[in-house]
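This document starts with one chain, in the form predicted on its own, laid out as structure tokens.
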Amino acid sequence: MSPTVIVIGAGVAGASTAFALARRGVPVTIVDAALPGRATAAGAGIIQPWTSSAGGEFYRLYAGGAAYYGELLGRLAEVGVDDIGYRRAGSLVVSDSAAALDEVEARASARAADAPAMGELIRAGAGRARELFPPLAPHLAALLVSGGARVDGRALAAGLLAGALRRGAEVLAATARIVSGPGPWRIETDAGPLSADVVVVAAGAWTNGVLGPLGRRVGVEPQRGQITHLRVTADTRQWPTVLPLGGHYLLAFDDSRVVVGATRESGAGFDVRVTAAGQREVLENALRVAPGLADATIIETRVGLRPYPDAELPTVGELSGLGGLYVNAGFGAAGLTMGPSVGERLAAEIVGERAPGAALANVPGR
């Protein structure tokens, strides 16, 4: 018999877990407070892990998340969800240093045999790079990763929730507080009390606030990211994402929109303001790489509070001594890549398809 499950949080981590459970026939209730600053709603959505300098288990999760999108799209299509803002338009790693691009190409090439989703690696001179992304600075050459993709975080979360609902899940717009448990777990919400065999805390940067009444904490803290959306007078549907060799990026969506960002502000707490310094940082970095965006219209600046981990890996799995209480949080800036595949793996653990601890191993006391 399937357990009953409450998922707290409807960002990519919670929505992915809920969809994976619901399609297995598990009774699921998703409770979400819709707090301002949710990382999923503000995230860029670049799906291109293969040139990352990350290694070890983090890279395996990162690459596995990118590879899982093909399977995810098929599963969502089965329930009538056919648009999550996903497109494989390629990705440009750009630099004015041929040696730096050589290093990136060598790293990605070494991973190619285990990463068919990567596609081809193609060196592009400055002229070709500007053909692919016209606002680019004329001195920048690139490595084109043909399998690079992007996804709209808001559309992704909405699609996953729609899929869960079509498989029988329920969604409550409410604040949740864990009262007691296990056997069963009891939750108080603005819409009334709930109980379930299993609770999954997928509350992003607010995860420790949910765990607080139990006297537990995990290694997740908020990191503010400011990201600006621009409108250009061009057809951007096939523009690739752009990854300079640094912390900032540019990517285009289908509606003549170019997204540039982002700041990485640890210590800002739960402050979701757009700041002058943050706006300047984002725009200066964007225009240094793509001066052709100087005349673009600023649509908005979104602020997301990334659930930043204090270790290499996110925190995913059952908390020790609290049977049936799981955490799925701490993806930092990689949530839109990793979230769907990790949610699938966690759901498999909850229903007994996978041995405990096989999802991930960064939960204290496991």
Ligand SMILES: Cc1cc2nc3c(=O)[nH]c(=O)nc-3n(C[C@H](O)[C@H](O)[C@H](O)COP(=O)(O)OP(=O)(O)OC[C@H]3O[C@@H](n4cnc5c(N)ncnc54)[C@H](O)[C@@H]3O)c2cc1C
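Numbering starts at 1 and runs along the sequence shown. Because the structure is a prediction, the values reported are computed rather than measured.
The same protein has a further form, the form predicted in complex with this ligand, not shown here; the description that follows concerns it.
- The stretch from 50 to 58, 311 to 319, 326 to 334, 293 to 301 that comes within 4.5 Å of this ligand in the predicted bound form, counting heavy atoms only, is 326 to 334.
- Not one of 145, 148 and 240 is positioned with any heavy atom within 4.5 Å of this ligand in the predicted bound form.
- The partner is absent here; in the predicted bound form, the one residue of 350, 10, 22, 342 having a heavy atom within 4.5 Å of this ligand is 10.
- Among the residues 95, 275, 236, 175, the one placing a heavy atom within 4.5 Å of this ligand in the predicted bound form is 175.
- Although the partner is absent here, residue 35 lies within 4.5 Å of this ligand in the predicted bound form, judged by heavy atoms.
- Within this chain, residue 45 lines the site of this ligand in the predicted bound form, having a heavy atom no more than 4.5 Å away.
- Using a 4.5 Å cutoff between non-hydrogen atoms, residue 76 does not count as a contact of this ligand in the predicted bound form.
- In the predicted bound form, no heavy atom of residue 133 sits within 4.5 Å of this ligand.
- Heavy atoms closer than or equal to 4.5 Å to this ligand in the predicted bound form belong, across 218 to 242, to the residues 225, 227, ordered by sequence position.
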